[in-house]
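A single chain, nothing else alongside it, follows as structure tokens in the form predicted alone.
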Amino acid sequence: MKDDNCIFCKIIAGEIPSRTIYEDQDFKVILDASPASKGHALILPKEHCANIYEISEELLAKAAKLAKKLAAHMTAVLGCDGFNLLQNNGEVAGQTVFHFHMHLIPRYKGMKNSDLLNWTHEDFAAEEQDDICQKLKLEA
């Protein structure tokens, strides 16, 4: 299903040019137009879904498998020193295009954005951590 107002749907349909590095029946993988590092790419499902809450478990599993395959390939080709897989959900979490996508970000020692995913740690009282833990418990 396509969303006519979605830039990623337009890229997938070929209405907007992109630098495609991989494509199959379920995904198109493109270089990010505003990369954080050399080789920064996006895995775009061809089926429109806004975020992780909407994507099917089957398609999400395929995206994860593809991310692993591409991370290994990109590491070998680009010689990066590390790798980030990033997936944002919601504006407050940094999502700017509301079509599920995964960022593949090769990392290099001494790179300009070496603190790209650095955050400060928060402190919670032990009781609060225990309460959060209890609320989040989920049976397998």
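Since this is a predicted model, take the numbers as computed values, not measurements. When you see a residue number, it is the position in the sequence shown, counting from 1.
If you look for the form predicted together with ligand 5GP, you will not find it shown, but the lines that follow are about it.
Participant: Select from the listed residues L42, C80, L70, A63 the one whose heavy atoms reach within 4.5 Å of ligand 5GP in the predicted bound form.
Facilitator: Here the answer is residue option L42.
Participant: Counting any non-hydrogen atom inside 4.5 Å, which residue from L31, L85, M111, I52 sits next to ligand 5GP in the predicted bound form?
Facilitator: None of the other options qualify; the answer is L31.
Participant: Taking the shortest heavy atom distance, is S56 within 4.5 Å of ligand 5GP in the predicted bound form?
Facilitator: The answer is no: S56 has no heavy atom within 4.5 Å of ligand 5GP.
Participant: Is T75 close enough to touch ligand 5GP in the predicted bound form, meaning at least one heavy atom pair within 4.5 Å?
Facilitator: No.
Participant: Spell out, yes or no, whether the shortest heavy atom distance between K38 and ligand 5GP in the predicted bound form is within 4.5 Å.
Facilitator: Residue-level check for K38: no, no contact with ligand 5GP.
Participant: Verify the contact flag for H103: yes if a non-hydrogen atom of it lies within 4.5 Å of a non-hydrogen atom of ligand 5GP in the predicted bound form, no if not.
Facilitator: Yes - in the predicted bound form, heavy atoms of H103 and ligand 5GP come within 4.5 Å of each other.
Participant: In sequence order, which positions of 82 to 107 have a non-hydrogen atom within 4.5 Å of ligand 5GP in the predicted bound form?
Facilitator: Sequence-ordered list: N88, G94, Q95, T96, V97, H101, H103.
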